[in-house]
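Quick setup: one chain, the form predicted alone, written in structure tokens, and binding and motion questions come after.
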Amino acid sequence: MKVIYSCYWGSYLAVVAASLHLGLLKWDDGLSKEKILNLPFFGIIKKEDLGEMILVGTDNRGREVYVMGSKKSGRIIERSLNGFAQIYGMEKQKVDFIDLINCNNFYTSLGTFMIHKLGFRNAGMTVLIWGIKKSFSRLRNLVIKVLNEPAYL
């Protein structure tokens, strides 16, 4: 089974979710700016990488965990994956696509806009990380739900 966490850029919320899933970021750790900035792939996925699935690691159940930037197309990608699975007779449970668009908030959007459109990387990261902290409980609950799903072999 493969787990794909997707957000607008694939570089922020998706990386935090994948890191929680893999235990690289602990549930009860203080969510400091330094810890977030040091997560693998955080903030380094570029525009030309949108749509690429990037392997972050394998969890303790053998599931490969990916991140992917999908802009606002997460629901379309999820339906496409399910359609391909149906056409090729594959089980839908082999790929778990998690669109994190609902974990986005004003501050994560503003921070990414400041970074990518205005070029204000430091100020944008500060705003973005504040937004991630504000949506952390929603993000954590989604990851917990994925972790508790039955394993399909």
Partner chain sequence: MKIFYYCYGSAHSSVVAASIHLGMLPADRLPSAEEFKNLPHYDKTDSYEIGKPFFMGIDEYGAEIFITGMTGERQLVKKAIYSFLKNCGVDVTDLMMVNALKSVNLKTKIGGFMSRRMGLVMIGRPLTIKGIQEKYTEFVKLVENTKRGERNRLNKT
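Computed from a prediction, not measured in an experiment: that's the story for all the values here. Residue numbers count along the first chain shown, from 1.
Another form exists, predicted together with the partner chain; not displayed. Remarks below refer to it.
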(message) Give me the residue from L110, M53, L31, L39 that has a heavy atom within 4.5 Å of the partner chain in the model of the complex.
(response) M53
(message) Check G124 for me: does it contact the partner chain in the model of the complex (non-hydrogen atoms, 4.5 angstroms)?
(response) no
(message) I'd like to know if D59 sits close to the partner chain in the model of the complex, meaning any non-hydrogen atom pair within 4.5 angstroms.
(response) no
(message) Considering non-hydrogen atoms and a 4.5 Å limit, does the partner chain approach W27 in the model of the complex?
(response) no
(request) Answer for M114 alone: is it within 4.5 Å of the partner chain in the model of the complex, judged on heavy atom distances? (result) no
(request) With the partner chain left out here, work out from 45 to 53, 31 to 39, 124 to 132, 98 to 106 which stretch has heavy atoms within 4.5 Å of it in the model of the complex. (result) 45 to 53
(message) With the partner left out here, which residues of 73 to 87 have a non-hydrogen atom within 4.5 Å of the partner chain in the model of the complex?
(response) S73, I76, I77, R79, S80, L81, G83, F84, A85, I87
